[in-house]
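First, one chain by itself in structure tokens, the form predicted on its own.
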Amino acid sequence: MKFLRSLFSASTLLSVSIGAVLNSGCTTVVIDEYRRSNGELAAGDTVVILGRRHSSEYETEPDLIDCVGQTLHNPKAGVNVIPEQQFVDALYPWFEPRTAPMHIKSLSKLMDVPDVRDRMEKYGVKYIVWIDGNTETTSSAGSIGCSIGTAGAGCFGFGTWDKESDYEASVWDFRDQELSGKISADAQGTSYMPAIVVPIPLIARVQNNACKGMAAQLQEFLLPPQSASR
């Protein structure tokens, strides 16, 4: 029994050590950009990052929107982002999923409402970025079995699963009432879960990598050329 306990402890320690070194799977990210105009962010201007949630089949994840907003927010570089929930609450009910403008022409009509126009100008909104899409598990394979006995507990097996992120950001110029461009992020990755006594998750951070790629491209997109090169 003492030998088994020692073996179990040694295996656990080895698993944790391996997990600390190999703590992520592989991810590939492809970013595409369509630009109709250059960025014009000036001092005092703000950006709003909003998620599309009009579809009954899926919703753009709030944590993805938070990630893009927090990564993009960089006052020193000249990018100030209003948190999504703060903006939606301040403009209630005009940017709820059932009432939010779906096209730039709808935004023009919305600006005819004095209260909405005043609040948008108060916030200094220059760009509204709508992100549409989601991350989903596309396939999985393998199995892991665990058991508990008098000699201790342990797991054995191997599992793997693939995830894919597909997002598109539409950049609306609020003041000029036009579509400035679009940025798409397509990320794919495979996660692994080998288990010898203890499962070791090697997670592919697909959504997080799509977020970082899109945020970096948005910063380059929104800032004037001379500012983006800083």
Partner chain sequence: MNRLSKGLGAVKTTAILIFAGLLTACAHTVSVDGQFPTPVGNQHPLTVGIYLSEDFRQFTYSENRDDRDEWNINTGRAQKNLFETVLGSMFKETVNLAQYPSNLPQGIDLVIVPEVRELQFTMPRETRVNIFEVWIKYDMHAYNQQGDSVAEWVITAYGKTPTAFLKSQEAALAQAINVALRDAGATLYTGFERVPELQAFLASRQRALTMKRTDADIQ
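Worth saying up front: this structure is predicted, and the values here are computed from it rather than measured. Positions refer to the first chain, counted from 1.
The same protein also exists as the form predicted in complex with its partner chain; that form is not shown, yet it is the one meant from here on.
Contact check for W94: a non-hydrogen atom falls within 4.5 Å of its partner chain in the model of the complex. Mapping the unseen interface onto this chain, S55 counts among the residues with a heavy atom inside 4.5 Å of its partner chain in the model of the complex. At the 4.5 Å threshold, heavy atoms of D63 reach its partner chain in the model of the complex.
In the model of the complex, its partner chain sits within 4.5 Å of a heavy atom of R98. In summary, among the residues L107, V125, C155, A90, the only one with a non-hydrogen atom within 4.5 Å of its partner chain in the model of the complex is A90. Interface residue among V113, C146, A151, A141, judged by heavy atoms within 4.5 Å of its partner chain in the model of the complex: V113. Using a 4.5 Å cut-off to its partner chain in the model of the complex, not one of T71, H103 and E168 places a heavy atom inside that distance.
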